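Shown here is one chain on its own, the form predicted alone, set out as structure tokens.
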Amino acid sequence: MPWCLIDGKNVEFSDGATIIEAAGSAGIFIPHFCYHPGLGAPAQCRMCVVEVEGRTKLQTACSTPACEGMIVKTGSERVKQVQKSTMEFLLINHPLDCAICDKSGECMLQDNSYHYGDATMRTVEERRTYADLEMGPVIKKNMNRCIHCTRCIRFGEKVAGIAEMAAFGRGGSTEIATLDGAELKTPYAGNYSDICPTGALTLKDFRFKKRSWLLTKTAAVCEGCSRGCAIEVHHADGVVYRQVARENLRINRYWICDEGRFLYRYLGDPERVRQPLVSGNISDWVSAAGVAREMFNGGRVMVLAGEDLTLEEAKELLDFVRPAGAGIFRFGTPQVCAARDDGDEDMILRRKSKTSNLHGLQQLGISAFDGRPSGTVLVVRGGRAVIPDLGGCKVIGAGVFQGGETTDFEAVLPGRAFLEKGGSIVNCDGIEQRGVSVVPGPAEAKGLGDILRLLGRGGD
């Protein structure tokens, strides 16, 4: 592999890599704003300038290819002076509202200002201000904080496939806005907030709820569809506050859809069944398990396994059901009965199957439910699979349900959702991924293994 010298360190790089990419692979950070690995390098913020031996002018690291034998300095006096000037320029109109900004604590402008800016400002002129227009239900815009990096514009054009944001005006009058003031239409709007280096574009869902430094950040897998996107869950005190995209170049690159981003809301839904139920009334585990056990052992039983269960849970269920002689079938997304029915819902990430483990349960040999229930039905699901029409059968529910879904159930045994238990899933490309337990879940919810043991034994 070719090599170059960056800050006195020998760095190997792949053909076609830029200086900023080569430096990053060696753990050398070069400050930047407009550059993003998934959006290209317009080289317009000028924050990433470096000094290259043999070249008179400073070079933008995000757009300059790394060359064999190149000698690069990222912290020379010339570079530092330009970075200070760039930061001063970017902060001329920026409001001093870090104390109330949701981006505070994870703001690139804050970080770069601290490390590469100057402690004093020479400007005394009044800062510009904008009256912000509505941008839809996902994003809140504060144009006063914008530094014109154009990441949002490029995301719409290059990733979302919809040119819905543009720069209007010139110079100090430039404003980033949607065309004709329309609301954002892309179902990937949350990514605008992820990539914005300042607090100009923030999530309405997260505004003023929690400071970023008070959140624990855990790597996880999205359960919103069969893609299985990599996500990072931000949580505190057993509560999930937001989900953001986590880089995985093999599956979802740097992005997630809004459906997956906000899926965590069902964990804390007030309608979620958190305690055992008998005939729709709150009960206790002894009574509810007793009713369910009597029904399960009292005659012909069909087991429906949601395609939102983990592989481990599905195997536990198979081991439990087969000795009992019960039939077991899977269910998940209407009109998507098998892997062959699954496919891309758009050209980016979303899939037709709205459950995470359709492909995994099919690999285990569990057949799809054909719509003909019989006898007593045990419905086991993780909270995402759509319950089919059971034609007036007596039903036992085990897992995650909302109150309106269990009106006719004889008994409900509350379980844990995906982020409350972890486990393995197989995505649409056959890639097996393992999630982790992020939050504890309701106090009375049990793991599927514990529920099955209560159903199978003769005593309490």
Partner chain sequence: MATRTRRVGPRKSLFHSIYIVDSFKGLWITMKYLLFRKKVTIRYPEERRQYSARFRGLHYIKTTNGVENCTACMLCPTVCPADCIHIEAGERADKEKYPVRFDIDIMRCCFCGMCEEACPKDAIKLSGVYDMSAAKRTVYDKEFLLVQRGNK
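What you see is a predicted model, and the numbers here were worked out from it, not measured in a lab. Positions refer to the first chain, counted from 1.
A second form of this protein, the form predicted together with its partner chain, is not displayed here; the remarks below concern that form.
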Worksheet, complete the sentence: TL;DR on 280-288, 384-392, 200-208, 329-337: the one with heavy atoms within 4.5 Å of its partner chain in the predicted complex is 200-208
Worksheet item: residue 124: heavy atom within 4.5 Å of its partner chain in the predicted complex?
Response: no
Worksheet item: Would residue 324 sit within 4.5 Å of its partner chain in the predicted complex, counting heavy atoms only?
Response: no
Worksheet item: Is residue 92 close to its partner chain in the predicted complex, meaning a heavy atom pair under 4.5 Å apart or at it?
Response: no
Worksheet item: Is residue 246 close enough to touch its partner chain in the predicted complex, meaning at least one heavy atom pair within 4.5 Å?
Response: no
Worksheet item: What is the one choice in 214, 347, 182, 219 with a heavy atom within 4.5 Å of its partner chain in the predicted complex?
Response: 214
Response to the item:
its partner chain in the predicted complex has a heavy atom of only one listed residue within 4.5 Å, and of 359, 354, 145, 234 that residue is 145
Discussion item. Heavy atom within 4.5 Å of its partner chain in the predicted complex: which residues of 388-423 meet that condition, in order?
Written reply: none
